[in-house]
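The form predicted on its own is given below as one chain in C-alpha cells.
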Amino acid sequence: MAISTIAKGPSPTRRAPSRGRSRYRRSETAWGYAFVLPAIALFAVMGVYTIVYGFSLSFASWNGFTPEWRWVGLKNYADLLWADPQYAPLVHQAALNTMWVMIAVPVLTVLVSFPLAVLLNSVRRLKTVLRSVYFLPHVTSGIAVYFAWVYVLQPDGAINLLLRSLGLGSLQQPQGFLGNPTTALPTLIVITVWTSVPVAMLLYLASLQAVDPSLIEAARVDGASTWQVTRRIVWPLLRPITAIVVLLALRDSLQGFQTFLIMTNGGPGNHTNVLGLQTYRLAFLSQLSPTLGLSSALGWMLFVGALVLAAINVRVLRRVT
C-alpha cells in the first residue's frame, strides 16, 4: 500500500497546502524587499553616488561654483605628493604631524586607560560613581569643551596660573600652550588622549570583569604579586582588546581634525596642521581656488591609509587571538 502511494506521487490534497505556502513565502519576500528598498535607495544616493562622485572629483580641478570640471588626471595626486611647491610642503608637514599623533595617541591611551581600568576593577566602593567620573570627558567632549580648553591654555589661563601658584613658574608658557610651536602639538595630543581614554577604559573594564577569577586566585595561591598577576595573566588575556583600542585611536588620529580646527586651526605656523584638517582646508577654506579635486585626492589617500591600517589590525587580531 505504501509502495503504491509513493509510485503515484503526492496526492492532490497535499499539493494545495504546498502551493499556498509557496505563495505566502513569495508574498512575504516581496514585503521584505518593499521594506528594505527605501534603505537601499538611500544608500545608493547618499553612499554609492557620493563615493563615485568624490572619486571622479579627485581627477579634476573645480572650485564648486563653475558649471564644469577640468579633467587633470593624476595631477592632483602628484601635486599633493611632490609636484606643487605650494601644496606639497603643506601635505608633508601635515603628514609628519599626523604621524606623531598616530604614534602618541594610541600609546598614551593604552598607558592611561589600562591602569585606570585595573584600578577601577579593584575598587569595592563607589565603583559606579568613579566610572561615571572617568567617562565624563567622553560625554562632554564637543565644541564647547574645546573652547573651554582654549581659555584654560591661554597665557593668562588657569594652567599658567596654577603653575605660578605652585612655584613652577619656569614651566608656564608666556605665549600660551597653544601659541608656542614647541608645546602646541603635544598639548593637542594630550587633549585627544583625554577624549579617547573613557571609551578605552570601559572596554578594558568590561574585559577585566570577564576574566575567570579562578586563574587569578590560582596565581595568588602560587605566591604571585599583584604586578605579576597583571603582567603575566591579565595583560595577555586583554591583548585583543588592546588591538581594538589601538585601532580606534589610530582611526581617530588619522581622520579626526575637529580638535585641531577649533583650538588652533593648524597654527601656529602649521605646527598643528594634520592631514584631516588639510583636507578640510582645501575643500572649504580656499575661497574660489579650484582645490576641491585636491581635497578629494587627499581624502582618498587617507582612505587607502585607513584600509591598510585595518588590514594590519585584522592580521594582528588573528595572531593574538
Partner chain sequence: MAVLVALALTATAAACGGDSDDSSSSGKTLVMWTFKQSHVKALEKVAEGFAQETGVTVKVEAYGPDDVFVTKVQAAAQTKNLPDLFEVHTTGDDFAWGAAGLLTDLAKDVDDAWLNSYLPTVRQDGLVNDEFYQKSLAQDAKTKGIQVGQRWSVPLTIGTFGIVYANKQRLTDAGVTTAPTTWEDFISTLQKVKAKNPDNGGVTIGFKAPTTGLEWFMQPMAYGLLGPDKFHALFGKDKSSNFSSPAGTQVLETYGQITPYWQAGTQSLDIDAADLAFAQGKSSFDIGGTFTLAFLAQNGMDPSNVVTFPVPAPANGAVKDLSLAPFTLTGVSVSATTKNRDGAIQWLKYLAKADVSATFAKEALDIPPTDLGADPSTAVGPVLGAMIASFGSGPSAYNPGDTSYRPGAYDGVPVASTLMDFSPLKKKSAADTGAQMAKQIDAFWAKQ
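Positions refer to the first chain, counted from 1. Given the structure is predicted, the values throughout are model-derived calculations rather than measurements.
Not on display, but discussed next: the form predicted together with the partner chain.
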Exercise. Could you tell me if I262 has a non-hydrogen atom within 4.5 Å of the partner chain in the predicted bound form?
Worked result: yes
For this session: Answer yes if any heavy atom of L185 is within 4.5 Å of a heavy atom of the partner chain in the predicted bound form; otherwise answer no.
Result: no
Exercise. Should G169 be counted as a contact of the partner chain in the predicted bound form, where contact means heavy atoms within 4.5 Å?
Worked result: no
Problem set entry | Close approach of S295 to the partner chain in the predicted bound form, 4.5 Å, heavy atom | yes
Problem set entry | Site check F59, P236 and P240: each within 4.5 Å of the partner chain in the predicted bound form by heavy atom | no
Exercise. Since exactly one of V105, L178, L80, V245 fits, which has a heavy atom within 4.5 Å of the partner chain in the predicted bound form?
Worked result: L178
For this session: At a 4.5 angstroms cut-off on non-hydrogen atoms, which residues of 261-300 are near the partner chain in the predicted bound form? List them in order.
Result: I262, M263, T264, N265, P268, G269, N270, H271, G276, T279, A283, F284, L285, S286, Q287, L288, S289, P290, L292, S295, S296, G299, W300
